[in-house]
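A single chain comes next, written as structure tokens; it is the form predicted on its own.
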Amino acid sequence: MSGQSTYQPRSRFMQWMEARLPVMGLVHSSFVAYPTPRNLNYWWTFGGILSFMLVVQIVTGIVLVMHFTPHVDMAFNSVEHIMRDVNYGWLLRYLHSNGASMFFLACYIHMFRGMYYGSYKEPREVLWILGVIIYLLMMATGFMGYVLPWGQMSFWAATVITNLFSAIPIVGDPVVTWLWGGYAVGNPTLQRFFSLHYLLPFAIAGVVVLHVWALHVVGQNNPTGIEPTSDKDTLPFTPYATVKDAFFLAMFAIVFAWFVFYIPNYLGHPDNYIPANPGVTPVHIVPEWYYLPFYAILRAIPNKLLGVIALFSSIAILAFLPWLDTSRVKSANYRPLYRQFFWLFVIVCVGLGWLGSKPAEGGYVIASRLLTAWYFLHFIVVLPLLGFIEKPRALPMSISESVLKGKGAAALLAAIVLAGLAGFARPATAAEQVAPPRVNWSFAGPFGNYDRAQLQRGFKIYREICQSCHSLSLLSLRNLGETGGPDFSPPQVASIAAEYKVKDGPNDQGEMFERAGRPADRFPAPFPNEQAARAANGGALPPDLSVIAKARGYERGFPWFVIDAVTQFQEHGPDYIVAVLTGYADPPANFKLAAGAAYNRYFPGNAIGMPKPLSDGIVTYTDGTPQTADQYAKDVTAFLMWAAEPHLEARKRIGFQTMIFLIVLAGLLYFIKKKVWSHLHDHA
């Protein structure tokens, strides 16, 4: 159904080229003269948004690959190297990680729109099936990308998901061994996932081309669900659909930018800032939010094999939707009974997502089983029966005669869905714990900055108290003098560096030796190896503090996690660290502490291996700041926040400029859209 091309090349070169390779004619017929139904609302813009997000993911991914090292000993550090040392690496990484969430968010809205308006029905069955294939490829690509940072959640998600194939009779275990490249998740697994993660986006792009091709053959569906009958029912794609898509893409980009620049770790899990450790299983393993409904279905079935079958069936059944829905009417606007069941199905999917973030125990399991049963009943029972018992409303004679009420309501509703679903998507943290008190941080909020004096005091606390046990392996000494940090002068940085002893070599005699530190050196570790660190700390391994402020958090619960997305509250980690540092107390009478442990009100389980590190007066301040344990805790936490997020100030500054640009752009595009559509009296 591509439009009749009216492209007439003017230059002799283009005439020559068009006679031999009519690319411009194809583009003109497909994206300029292509006829689109005149009543399309803003829900149809998500197809264009998905194309935009695919390009974002491919472009940022290609650049990130240039700096990523797919090796279990270096993957985690290489990601942090990108964040810290590559020019705008933090921006590329946050665009890519949050772009995956925005990609899936747009995909789910696009799918639900297709289900609501019957876009899977004749003659669009192949178009729908290609969409399901794209979705499957997206899921595989996203899962493999989640493994690459090689944090705790990455490693254990890979272990859990690949183990699902062991449920397959006879060939299950060999398949798992083949996936792993050995007998456990390790370096071959990471390298294979890296290769496939890099390759699959291009496969997605290829299927997207087929998807668009199929769309142009059969034409777009529309809110009425009836086919165009005359030229009055359609409009050229450009400028009408183009300007409309551009406006809503700018609106979507504002939401995207909000996450990238102001709450970049909101949709992630703090445990993934802990390097992968096969010997320590997280209390609660959860995948990314966009897999949670299917994760809930998997866990709802007590039998492993049946659970795996249910998981894959819940996706595969989507491909049979054109034949499961027996009604001849496409749009839910004219199917009052189906519309109620559709919204019930949406609620079920959202409920499964919430349950997927909860522990597989008690009432959560029962609720998961009930919602899983309804999920399949919707497709197998409800949709086939509705086609026989439902009495649809009368359809209009043509698209041009239909009237869409509530001008602009679709745009407003879409914006609400964008904010609501993205906010709801935040997964739970690993363990139940007491919420720490809020601290007023200078770096909080959209215009927050680090307090230079506080960072210098915090560094003093780290040197005098913390560094005897805890390393800062991802931080270089030169970072202390960089913009946005403690702001030490170059001579001060050189002097601080010279106080450290760094092992170097070998020398000409083949021996290792110690030398004075230089600004280019990393912070030296307090122990030569993990075994020495454990031996000096009663068997416990003091964690590296480079990203500790992002590797800790706590669950806020509903509705606070939605409010946090709007208020930009991202200080879960710093608040938690201050609470733990100051939360030591005498244990209750009925609480039994293990030998060498201390009682802490805010530490999960309340038994912490670290002795109380801070008390009043142990460190001398020269600027008149109170020398109390509470002040020490806040100062060293602010320093650790900077260590974890050294480009925070640049991120927020660029974010503010980007938001202003996008808001102005969206406003201009809105008025251009109004001007272009004004003479058509459009109601979309």
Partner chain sequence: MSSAGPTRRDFLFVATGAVGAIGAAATLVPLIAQMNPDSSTVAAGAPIEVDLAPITQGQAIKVFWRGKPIYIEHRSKSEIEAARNVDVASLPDPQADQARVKAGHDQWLVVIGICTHLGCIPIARQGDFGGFFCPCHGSHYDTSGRIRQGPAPANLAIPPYAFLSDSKIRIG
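Numbering follows the first chain given and starts at 1. Predicted, not measured: the structure shown is a model, and the values here were computed from it.
What comes next is about the form predicted in complex with its partner chain, which is not displayed.
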### Query
Of the options 125, 564, 487, 85, which one has a non-hydrogen atom that comes within 4.5 Å of its partner chain in the predicted complex?
85
## Note on the structure
Partner-free chain; cross-checking its partner chain in the predicted complex, the single residue of 520, 283, 171, 389 with a heavy atom within 4.5 Å is 520
### Message
Since only the chain is shown here, I'm wondering whether residue 659 would be in contact with its partner chain in the predicted complex (any heavy atom pair within 4.5 Å).
### Response
no
### Message
I'd like to know if residue 478 sits close to its partner chain in the predicted complex, meaning any non-hydrogen atom pair within 4.5 angstroms.
### Response
yes
### Query
Hey, in the predicted complex, is residue 91 touching its partner chain, heavy atoms inside 4.5 Å?
yes
### Interface membership of residue 27, its partner chain in the predicted complex, 4.5 Å heavy atom rule
no
### Query
So, 31, 54 and 299: all three within 4.5 Å of its partner chain in the predicted complex by heavy atoms, or not?
no
### Query
630 to 638, 614 to 622, 64 to 72, 35 to 43: which one contacts its partner chain in the predicted complex at 4.5 Å, heavy atom to heavy atom?
64 to 72
### Query
Can you tell me which residues in 640 to 666 come within 4.5 angstroms of its partner chain in the predicted complex, by heavy atoms?
661, 664, 665
